[in-house]
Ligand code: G3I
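In the form predicted on its own, a lone chain appears below as structure tokens.
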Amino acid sequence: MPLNRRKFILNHAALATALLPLGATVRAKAVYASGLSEVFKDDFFLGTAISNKTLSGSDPAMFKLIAQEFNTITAENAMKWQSIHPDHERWDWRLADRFVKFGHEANMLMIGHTLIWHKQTPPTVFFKSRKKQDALISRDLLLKRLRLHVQTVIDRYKRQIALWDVVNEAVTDKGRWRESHWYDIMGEEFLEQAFRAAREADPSAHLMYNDFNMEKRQKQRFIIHILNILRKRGVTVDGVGLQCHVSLAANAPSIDALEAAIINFAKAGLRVHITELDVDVLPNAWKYKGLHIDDLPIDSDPLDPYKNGLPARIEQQLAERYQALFELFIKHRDKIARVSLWGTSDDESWKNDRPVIGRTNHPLLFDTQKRSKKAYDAIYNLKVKRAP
């Protein structure tokens, strides 16, 4: 068993025991003796997501930066159904294997992301015909496909990957089941069957449910409710992933709301993982979702104000937002197993194209040149503040 997997399992056992009662400014890169994972080694694992672009190319500087700063990695897209299992009879392991190879060589804790999701799943999984996507397959056939996919993926990597996001984003913000082909065909049973298949494939794995906006109370209560139902049926879910895609504004979401979510999930007997952390610095543009910045019916400048880098004032706000978040995570380190950024440098962030394509965002700890930002300094220096 690789050191990283054994370390997590032992860590998890100790922490679970403790929880039993709960049921642009251009700046030179800062030079530190050790990376961020070393700063938080006594608090939680610290990770990042690796993009398909990085896995497909040969950017030794990116891999070196990841190995220096983090001890945990997630494949941003390489292990999603569409990437790894594009057709019934075809499996494409290339990028996922590269992800695991790097993680093994760098002695990283690796996260399997994600086994079941309503997005990035080929339509042929759900429909009888390739041409006519109007006839859904039977419940029994979809269950067979679910079990085959989950067990094949886990079986290939179970010696390397200790943690799995089994089901992703199955619940709406209003605390209801999300409408999806999974739900249309199998109903709420698909959640249970996914976790059963994962547990059968690797009885020792740490299995998680992952979602966004988990601080919203209706969503939070519903997720705890459905996971409690699974437990009553003998299905074990070990943890929940709070994606934590937040905005620069202090109330989007508030620290208090995030803290309540962490506490409530821990009280429900679940290990908390911060799984996809980033801080959006751009104005809200959901009204123009899917459009390109050059095709907006309005002046695009107010919606894309930082094309040439972050002004000092905004970079300072970003640093303060990250500092407040990490102060919260440290406060509840007894409940949090891992904090993972959703990317390493700004140029690879999905936020550059969401919801408007072509905008320039700056949501991460390293800029487009892989230089650390004030946000990096702010959370690194939390170590100094805690020193005796």
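Remember, predicted model here, so these are calculated numbers, not experimental data. Heads up: residue numbers just count along the shown sequence, starting at 1.
Quick note: we don't show the form predicted together with this ligand, though the next part is all about it.
In the predicted bound form, this ligand sits within 4.5 Å of a heavy atom of residue 350.
Heavy atoms of residue 342 reach within 4.5 Å of this ligand in the predicted bound form, making it an interface residue. At a distance threshold of 4.5 angstroms between non-hydrogen atoms, residue 120 is in contact with this ligand in the predicted bound form. By the criterion of a heavy atom within 4.5 Å, residue 304 is excluded from the residues contacting this ligand in the predicted bound form. Interface residue among 215, 238, 315, 169, judged by heavy atoms within 4.5 Å of this ligand in the predicted bound form: 169. Note on contacts: among 158, 147, 219, 245, the single residue with a heavy atom within 4.5 Å of this ligand in the predicted bound form is 245. Of the stretches 70-78, 104-112, 288-296, 188-196, only 70-78 has residues with a heavy atom within 4.5 Å of this ligand in the predicted bound form.
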